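Next up is one chain by itself, shown in structure tokens, the form predicted alone.
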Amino acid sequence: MITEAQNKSTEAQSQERLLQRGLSLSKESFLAEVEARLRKALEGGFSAPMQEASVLLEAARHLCLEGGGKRVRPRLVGMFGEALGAPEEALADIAVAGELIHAASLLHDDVVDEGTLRRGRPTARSLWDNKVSVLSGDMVLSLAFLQVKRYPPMITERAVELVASMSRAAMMEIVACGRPEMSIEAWWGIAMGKTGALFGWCGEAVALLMNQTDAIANLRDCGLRLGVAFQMADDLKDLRGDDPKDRFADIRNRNPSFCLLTASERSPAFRQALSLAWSKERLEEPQIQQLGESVLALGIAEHTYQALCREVDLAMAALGPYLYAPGGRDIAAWGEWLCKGLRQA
């Protein structure tokens, strides 16, 4: 007999395949080239006196090459590049840089969050230690900048500014932990500064590569909006239990997600209950489930879905004339799959 939990798990897997179908609109040959360059970048090699440092590359490969990443950022680079007619040779370097910046942020985040699992596998800090994870993240970040050093200097300059933005947003996220009174505007700043900023750089770097200054704002703002939508999708999946094994993880981890903050603004009683729960050293599972069901009863899932779709619409509007280019149409299709897939789940 198939249980309800098994059925939801199957639905979640179907949803993931649906989203992957939208993401697969970028050329597979381009993604294969990106994958090959990622491997080359992380092969490295240390001279005899520095053999001990090879563990940093090993930790990076564990996360970046063996962790089952979806390569969303490289795919976006490919689609943005197609919209501007950019050469794949240079696009692949930008895509690798974007993925390495993302990987570095995860290596650092797992230390900050004391995470033990990432994509269902032990984190680098669990297999080695915090020092290895932090230093590996630093090294990966340096490798990211090296990927684009032969292109217009502004691409690297904007990448450095991107890392500063992501660091500020990460600090804001730490401060926000366990605070249901945080505003939606503050959540927006965190989402924009982390996920949105990197998505935006993927578009901006392509425009800088092609020296198409008129396209910079279009592609950057499209990426920013898509990044926020992507974060909302993660928050919504947690609320609805698209991964039944870790449902309501945001409540459990004291993470003020878009869903939880919206519920707190809508219901003072819920905010008080959540604040009381988060003030305790240990959250009991029945209490977590009760709080999660309260959020659902407030209609927050539908509200989040509608907000997500508005962000996708704004992202498409930001593309302007590039929406009708081949790559632009692929980006629009990805946004449509994101919304439609979450609606059908």
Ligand code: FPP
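These figures come from a predicted structure and were not determined experimentally. In this text, residue numbers run from 1 along the sequence as written.
Beyond the structure shown, there is the form predicted together with farnesyl diphosphate, which is absent from this document and is the topic of what follows.
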property	result
4.5 angstroms heavy atom contact with farnesyl diphosphate in the predicted bound form for Q212	no
Close approach of Q231 to farnesyl diphosphate in the predicted bound form, 4.5 Å, heavy atom	yes
Touches farnesyl diphosphate in the predicted bound form: A144 (any heavy atom, 4.5 Å)	no
Distance check, L106 to farnesyl diphosphate in the predicted bound form, heavy atom within 4.5 Å	yes
Check all three, I101, R118 and K194, heavy atom within 4.5 Å of farnesyl diphosphate in the predicted bound form	yes
Candidate from V163, V72, V132, A86 lying within 4.5 Å of farnesyl diphosphate in the predicted bound form - any heavy atom	V163
Partner-contacting position among S167, Q272, S126, S183 - heavy atom within 4.5 Å of farnesyl diphosphate in the predicted bound form	S167
Option from 216-224, 110-118, 148-156, 78-86 whose residues, in the predicted bound form, bring a heavy atom within 4.5 Å of farnesyl diphosphate	110-118
